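Taking the form predicted alone, here's one chain by itself in structure tokens.
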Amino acid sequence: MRNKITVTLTVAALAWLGSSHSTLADGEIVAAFTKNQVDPHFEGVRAGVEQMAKKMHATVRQYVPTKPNNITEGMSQLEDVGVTKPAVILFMPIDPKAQLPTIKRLIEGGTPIVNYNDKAGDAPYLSFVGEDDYKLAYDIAKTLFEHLGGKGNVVILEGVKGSNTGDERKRGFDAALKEYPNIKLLASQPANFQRLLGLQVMENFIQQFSDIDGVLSAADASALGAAEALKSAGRTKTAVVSINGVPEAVEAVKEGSLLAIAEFNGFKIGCVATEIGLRAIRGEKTPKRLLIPGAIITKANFAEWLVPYDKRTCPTAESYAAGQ
């Protein structure tokens, strides 16, 4: 147990040195789960959780596997919160099917849980806070296809097969493809939301296909890897689009190595999920489901997404509730 807690505290310190220690003397404990330390999207989630918790005078314990998306560590960390019993858990699944029975036992045992970022199966959660992955993928695919003039050859870098986020984004890409008969899908392969795998998959695509006009990536991390592979191969005219909106990827939009990004804003999700969780356990009325809308980030509007997380201000649940 001691080694596991040490890892958790170390990750929390690395994730948000500026504010994690400042809430240690405060009230309720919020246990916040994210899936890895390598995807910058989750850095934004953790930052949002920390900022809102500090604002609401609560303490955060971050639970992050040391190995990306490692289900064994993820299950072990769920066991830990079952023992330490935080006031509320913010949970996103690594493997929804494997983790759902434990989640249900925790809820039945009296631990309230907010499901955030991506869906974690059917359980009596306080709320779900996230975005519409299908719509984001559909919209960014249409952005790419319109840029290509409605014709051309494209490839897809999928997310994690079997995950709600990955599957919904692939479904959105496929729906858009059906509306553009002159867009040809050359290949589709998982890159698991990871930069190195995105680079490797793109290198394989470059070797297989001499003419790739566009790349649909399910996440910024894999899109950045794809852009790196394209640059190394001298094929910089290939347009790359993605989903998330982390600062490094937005910088790539500014510089032109990415065409556009559909905003899946981890910072906002972390803020709002924390607010809803704390308000709910304090006896306030909260929404059972809240979807945060996402913009299309381009060269015309990128500036606000380049603001560092520690300089951003958390939105409130109320600011989105009217649109539900």
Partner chain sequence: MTTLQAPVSTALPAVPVPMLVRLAIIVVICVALSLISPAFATIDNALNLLRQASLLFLVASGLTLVIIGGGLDLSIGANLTLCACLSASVIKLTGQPVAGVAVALGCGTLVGLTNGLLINRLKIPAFLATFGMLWVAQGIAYWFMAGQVIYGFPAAFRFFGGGFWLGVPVPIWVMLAVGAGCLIFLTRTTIGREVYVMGANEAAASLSGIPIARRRMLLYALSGFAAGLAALIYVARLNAAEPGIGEPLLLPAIAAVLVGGTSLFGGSGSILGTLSGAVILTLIVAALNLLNVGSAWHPFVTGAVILLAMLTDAFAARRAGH
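Just so we're clear, the structure is a prediction, and the values are computed from it rather than from any experiment. Whichever C-alpha set is largest while still superposing within 1.5 Å between the two forms counts as the rigid core. Numbering follows the first chain given and starts at 1.
There is also a form predicted in complex with its partner chain; it is not shown, and the following applies to it.
Taken together, 43, 231 and 248 are fully in contact with its partner chain in the predicted complex: each brings a heavy atom within 4.5 Å. A heavy atom within 4.5 Å of its partner chain in the predicted complex is found for one listed residue only; from 119, 135, 195, 170, this is 195. This chain is displayed alone, yet in the predicted complex one of 153, 127, 200, 143 has a heavy atom within 4.5 Å of its partner chain; that residue is 200. The closest non-hydrogen atom of residue 298 lies beyond 4.5 Å of its partner chain in the predicted complex. In the predicted complex, its partner chain sits within 4.5 Å of a heavy atom belonging to residue 37. Its partner chain in the predicted complex is approached by residue 189, whose closest heavy atom lies within 4.5 angstroms of it.
Its partner chain in the predicted complex is approached by residue 207, whose closest heavy atom lies within 4.5 angstroms of it. The stretch among 127 to 135, 223 to 231, 144 to 152, 172 to 180 whose residues place heavy atoms within 4.5 Å of its partner chain in the predicted complex is 223 to 231. Within 4.5 angstroms of its partner chain in the predicted complex, the stretch 45 to 79 places a non-hydrogen atom from each of 46, 66, 67, 68, taken in sequence order. Superposition on the rigid core between the shown form and the other one places the CA atom of residue 232 2 Å or more away from its counterpart.
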